[in-house]
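In the form predicted on its own, a lone chain appears below as structure tokens.
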Amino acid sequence: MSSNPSKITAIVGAQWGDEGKGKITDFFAGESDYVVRFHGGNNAGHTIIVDGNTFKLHLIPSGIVYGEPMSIIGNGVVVDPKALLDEIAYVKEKGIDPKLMVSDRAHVIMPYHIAMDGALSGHQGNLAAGSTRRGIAPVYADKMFRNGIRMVDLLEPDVFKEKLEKGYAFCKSIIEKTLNQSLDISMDEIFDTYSDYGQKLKSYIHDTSVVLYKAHKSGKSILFEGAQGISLDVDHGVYPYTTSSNTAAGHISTGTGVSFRDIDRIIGVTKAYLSRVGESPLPSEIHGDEAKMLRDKGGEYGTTTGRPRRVGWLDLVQVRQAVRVNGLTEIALTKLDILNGFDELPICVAYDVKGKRITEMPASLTEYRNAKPIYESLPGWGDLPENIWDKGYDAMPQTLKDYIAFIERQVDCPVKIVSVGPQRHETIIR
């Protein structure tokens, strides 16, 4: 093991995604040698603002925008090769020469996965999570069925054809016979198109687990960038209203091949209020004018879909779980500036489920559907002093410090990073 494990940092979402991870990742990415994605696909989105330039990325880690770090897409990520090629072209257009590697073991999203995603959403009805219909769930399912095609297969025509015949027939049968939809693309067309994608991506495909192992051994700094948030984790989230991968920090080991023992800094990004894209009960959700004000002020519209996000007050039942399951060493609290001007700020500290007080996220869907928020109200802080980030933590209003201290006590984790604006410098480190 390296003598300096602190050179590995992980950043994960402590809510439903959209917590401002892009900004916090951006804060660390410039100083990292490697920036790594470990799960999910192009259903996630990060918005990064660097020197006034806005980048919207879906698949490539945000380290790409700095030119220096090597960006790595780990084996736990599922890759739509066309989306990846489009994104490489997008960063090149913005004047960046992409330093990028993709794991040879990452699974490939095929056209039949995208077709099945749309067909499945109708089938699931009330239990549908509100899919982005990019083929994410079906490709992960195929991975577990062992019907999957990996990046390395695109470079080996015989193996690719052998696997494609099985995967295509399997999915076509489900789409047409079970879900009563049609699959219009032929297998030959897929073979030719995806073989071509493989050739275009060939120079980026590597055994990234070995690359990262050697990097760590030689003392390089590595940043793991999570997508989405704990409540969307397929095991620990509000199942089945989740994503199709593990969003928790523990998945870094399986999603990249880097030992979990080597990671000692895990930052959970927590927005000072709540937002959610997609379906599911949401105990602290608010509606009407108050919700519209919060949504517009916070720019709560999806990076990937543009969908208006549902919004609500901070839910510490959720954050408590994030601290525990991820083993968070600290919290980065974001978007505090959006709460400027509120006289009172409700925080959900527990749920009332038919008269019973619950302080941890229930696995029972019945309990979660019946959960009513139990709020404690804290005084707001009006407006923040100008250029507060230059003055530091001590210059913050006492009511804001009290708000932060309250969160720390409730979830038993220190808030070490406080974000008070979208720009990189609008950040206070304690």
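Residue indices: 1-based, along the sequence shown. None of these values were measured; they are calculated from a predicted model.
Missing here is the form predicted in complex with a small molecule; even so, the following discussion is about that form.
Taking 4.5 angstroms as the cut-off for heavy atoms, does Thr334 touch the small molecule in the predicted complex?
Flag for Thr334 set to yes.
Residue-level contact is defined here as any heavy atom of the residue lying within 4.5 Å of the small molecule in the predicted complex; does Val317 satisfy this criterion?
Val317 lies outside the contact set for the small molecule.
How about His46: is it within 4.5 Å of the small molecule in the predicted complex, going by heavy atoms?
Heavy-atom contact with the small molecule at 4.5 Å: present for His46.
Considering non-hydrogen atoms and a 4.5 Å limit, does the small molecule approach Cys413 in the predicted complex?
Although the small molecule is absent here, Cys413 would stay clear of it in the predicted complex, with no heavy atoms inside 4.5 Å.
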